[in-house]
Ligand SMILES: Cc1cc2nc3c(=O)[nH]c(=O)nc-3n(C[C@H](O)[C@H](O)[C@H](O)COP(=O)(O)OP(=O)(O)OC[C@H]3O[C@@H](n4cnc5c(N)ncnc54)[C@H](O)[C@@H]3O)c2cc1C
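Quick setup: one chain, the form predicted on its own, written in structure tokens, and binding and motion questions come after.
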């Protein structure tokens, strides 16, 4: 780990001003990913800005529309918020399967959304992969059982966040702050794939940080479900995941969002699956058709073809559960 300076501001404006200073920087919430990244020299910041003392970033306001979730809110505090869980059970589904209880007591919403890829070639000091400035993605011909089946385009990482697919399914907005003000974009637009920039996972530029997530209050008849497959039942990232949010009226799906995790460099929204569901009664056959549409562009590699079938099963189950049809 390289030497760095450290600041612990107590207000957001001071933190944002610090980010505008010359040199590289990193912001720290719980630090569960940042510290490991620094030990592996994935991150080598000259300056760390600790956000834990900024109350504004820990605010969780469920009284208005949109619901506002600060990036400093710990996962355990999300789960402890009865109003939030009643409004958005899908967030309970997702937050409950992040890592372990110990890490949920430390990890934050912003940290979960902004964590770096878990690809073992990217994390290893022995491989100078494409994302680290090298010339190749070693997963293509290597051990690729946990890598992308959709949207790889030269770099086959998968985005590790569980919260991201669920929040995108809810139509959340990302509020980004800098010393010059804030801007808001759809959360799905916050993440970028290797075709945009192989060295980054999101749109943040020097001087910016994610400050809040805004989630619209649910519509009448809206229900969301998040399901995740993983190698172990704790302390493990998704091999595949599916977040489905449906608005049902008189037995018909009037609006649908289908977002996949663990299968692409970004949380992968599937307009094709959504189009299958829109305006139809949800049956097992319709759910299966939507699941097939979601993976029709999948291009698995030697060891990860299992993900195609696995994620289809999750999508079908999530659709049926969201429509009140069971699907266990």
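The structure displayed is predicted, hence computed values, not measured ones. Numbering follows the first chain given and starts at 1.
Although not depicted, the form predicted in complex with this ligand is the subject of the following passage.
Inset, instruction - From the candidate stretches 254-262, 77-85, 215-223, 153-161, select the single one in contact with this ligand in the model of the complex, where contact means a heavy atom within 4.5 Å. - result: After filtering at 4.5 Å, what remains is 153-161.
Legend entry - this ligand in the model of the complex reached by all of 34, 204 and 237, non-hydrogen atom within 4.5 Å: Every listed residue reaches this ligand in the model of the complex, so yes.
Inset, instruction - Please run the contact check for residue 110 against this ligand in the model of the complex: heavy atoms, 4.5 angstroms, yes or no? - result: Yes.
Legend entry - this ligand contact at residue 248 in the model of the complex, heavy atom, 4.5 Å: Taking the distances in the model of the complex, the answer for residue 248 is no, it never comes within 4.5 Å of this ligand.
Legend entry - 4.5 Å heavy atom contact, residue 28 to this ligand in the model of the complex: Answer yes; at least one heavy atom of residue 28 falls within 4.5 Å of this ligand in the model of the complex.
Legend entry - Touches this ligand in the model of the complex: residue 43 (any heavy atom, 4.5 Å): Heavy-atom contact with this ligand at 4.5 Å: present for residue 43.
Inset, instruction - Could you work out which of 198, 103, 140, 179 is the residue within 4.5 angstroms of this ligand in the model of the complex, going by heavy atoms? - result: Flagged contact: 103.
Legend entry - in the model of the complex, the residue from 227, 170, 119, 209 that sits within 4.5 Å of this ligand by heavy atoms: Exactly one residue meets the criterion: 209.
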